Structures are given as structure tokens and as C-alpha cells.
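Let's start with one chain on its own, the form predicted on its own, as C-alpha cells.
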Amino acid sequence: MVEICDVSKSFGDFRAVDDASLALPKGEFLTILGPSGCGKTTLLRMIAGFSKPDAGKILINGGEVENVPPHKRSIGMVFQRLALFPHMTAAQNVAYPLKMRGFDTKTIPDRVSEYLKLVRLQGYEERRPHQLSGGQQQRVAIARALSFSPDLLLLDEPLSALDKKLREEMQLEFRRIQQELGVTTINVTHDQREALVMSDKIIVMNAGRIQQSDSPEAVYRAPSNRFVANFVGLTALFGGAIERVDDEGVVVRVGELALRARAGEALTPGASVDCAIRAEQIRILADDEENDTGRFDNTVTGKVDQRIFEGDRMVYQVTVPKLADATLFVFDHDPTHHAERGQSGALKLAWNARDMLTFPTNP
């Protein structure tokens, strides 16, 4: 449905997008994920036709679109700023692109009603934007973008202005509508939860380059490099050196300790590496488990620096002196122990080799 081949875009000396390529099958939901300034919105604008690439080509439905203006690309868009017409009702906003595209005026009311029903806004047809909540305005914008049955739907951080609870509700709503219609969709966001919840495929970008292109599960569980591991999830990163490589993985020397880890790229003894371990993969050992360490490949003792209560869990920030004062983050989902963990100022932690990743240290 959409193919991007070696696309680059610069603004003066700044390389916003650097040699990006992707292929998106019909009906899939792709999210381009990355920090502010990574190039994700620039890439989306080139797909939409608002900006031309300096190099490479963009194909939609097998045809190059470089010289096709935006309004002829059969693309629906929902922006962070919804751009609803304030003087129009919800129904009139949804009808607008149909009128602009010359739809039969007799069919427009039924089509507007169909798409307002799709976004669950029956009964709100005559309300103007200021009479609607943020989530309802968002639904009108979705209905308007979909009303003319575009081949492609582009979403430019449309949920970032909403509060957390509403944003999470709308993530599920977007996904429901996309799956119900089967419309090919590209979403841009810096919100990792949004990317994981909504997508069939995720592209992670940084500094204009695509770092990884994979399923949400693979991006989370098997990040391709240090940046992806650090950007997705709450991850502790610390440096070490490969001490040994064997059939079971690698042994990494970090400070005074030797830790077992999952083998990553081809690594040789003596190579410098960055180690990554996610907060949910570390186990807090209770007092009666402290001598039962055979079930884990790695055990360390650390000093509690901070306890952060998040309602459903407690997050601990722990410094481990024997790991060259590395900082680890740990989740405790057991509310019965929230007040008890680390009261002595120390926690004993454990994890398995398969959960610790190693990446070659950048030269």
C-alpha cells in the first residue's frame, strides 16, 4: 500500500530524515515512534505531500506520488490541532470533505450519519466544537478524515493534547475503528504505550534514521540497539566488558561482579558493551528467599535511593555499589509489601540471563 525507498530530507545543514525505507501492507496500522525532533513528522508530511523529499521516492498503491498534490492522494489526516471548523456543527464538519470532493448531495447525509455512528456520536450531529468535550472533538475529526473512504489515514500526534485517561481510551477507540474499517494507517507519536497498544508494526526513529522496524512485541522484547532498549520501557543501562562467551550466552564484568546475559551481536572477550535490563524483569527477593538464589542467574544487593508510588505499583530506584554504582529501576506490583520493601535501605535483587541484553558500546 505504501512504500518508501531511501528517502532523505534536509533543512539547511540539518538532516531531518536520513535514508529511510519502509513497506506497509494494505490494512495495517503502522506507528512511527521517536523523541521530538527525530524526523517522524517530516516523514509523515512527505507521505501526505506537504513536503517533497530531497532524495528517494514514495509510492502509494504502487504509483509514485512526488508530483501528486495532497488533495489528490486519497489521504485522510487527523492532526494534534484538530482544525475543526468552529462555526460548523459536527455533521457539517464531517460533510465538508464530501462536498469538496463532489459526492452526490443526496448521499451525503446518510454517509455523515454512518461515520458519526462509527465513532459513537449519534445525537451530537447539531453540536458545534465548543459544545463537545476533547474526546468528542477527536471523534468528529476521525469521522471527517474517514468519511470519504481514503486509501490511507495519517495521524500526526492526535492524542497528545488529551489527559492521560482520555488518551488511553482514545487509543483503544482508534484501534477499534481502524480494525473495523480495515483502513491502512500511519500514526506518529512519542508515546511508547500508544505505539504498543495501537500498532501492527512500529518503526523507531532517532536523529532522522530508522533504528528498528518490527512488531510491537519484537520492539519491546528484542530491541535492536541501545537507543531502542532505552527509549521503549523503563530500562537501566550500564557499561561492562565481555569476560567470556559460551553456548549459554555471555558473561559480562561490571565493576566487582560477573553477570550472565543474553548473547547479542557477535561479541568477543574484552569487548566493551552496554548492558540493559528492564524494571519489570528484575525480581525483589523477600527475606525468606535471600538464600534461594539458584533460580536466578544474577543476584545483587543495592541501596534504595527513591520509592515512587504509582498506585498499582511501587517503583524503586536502586544503586548497586558492586556494579560500579550502576542505577537499577525495579517494579513491585505486590501492594501488601509496598510499605515493607527496602526499609533497611537495601534490597536484594535477582534476574535471569535471558532478560539482560548487551549491545556493543558506540565508539
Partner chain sequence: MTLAILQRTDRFVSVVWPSGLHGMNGYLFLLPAVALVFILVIALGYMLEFSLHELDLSTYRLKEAYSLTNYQTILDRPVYLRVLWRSLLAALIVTVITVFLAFPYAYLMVRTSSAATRKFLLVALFLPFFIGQVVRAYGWLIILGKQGLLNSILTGLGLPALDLIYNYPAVILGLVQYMLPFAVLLLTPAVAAISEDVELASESLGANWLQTFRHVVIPMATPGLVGSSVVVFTLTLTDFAMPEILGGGTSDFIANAIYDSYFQISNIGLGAALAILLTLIGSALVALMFMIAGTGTLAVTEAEE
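Positions refer to the first chain, counted from 1. Keep in mind that what you see is a predicted model, and the values were worked out from it rather than measured.
The form predicted together with the partner chain is left out here; the points below concern that form.
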Spell out, yes or no, whether the shortest heavy atom distance between Pro129 and the partner chain in the model of the complex is within 4.5 Å. yes
Since only the chain is shown here, I'm wondering whether Phe309 would be in contact with the partner chain in the model of the complex (any heavy atom pair within 4.5 Å). no
Consider His87 of the chain shown here, and say whether it contacts the partner chain in the model of the complex, taking contact as heavy atoms within 4.5 Å. yes
So, in the model of the complex, is Arg313 in contact with the partner chain at a 4.5 angstroms heavy atom limit? no
Can you check 202 to 210, 74 to 82, 252 to 260, 234 to 242 and let me know which stretch has heavy atoms within 4.5 Å of the partner chain in the model of the complex? 74 to 82
Can you work out which of Leu181, Met100, Ala222, Leu172 has a heavy atom no more than 4.5 Å from the partner chain in the model of the complex? Met100
Which of these residues, Gly37, Pro70, Gly27, Pro321, gets a heavy atom within 4.5 Å of the partner chain in the model of the complex? Pro70
The partner chain in the model of the complex - contacting residues of 139 to 178, heavy atom within 4.5 Å: Arg144, Ala145, Phe148
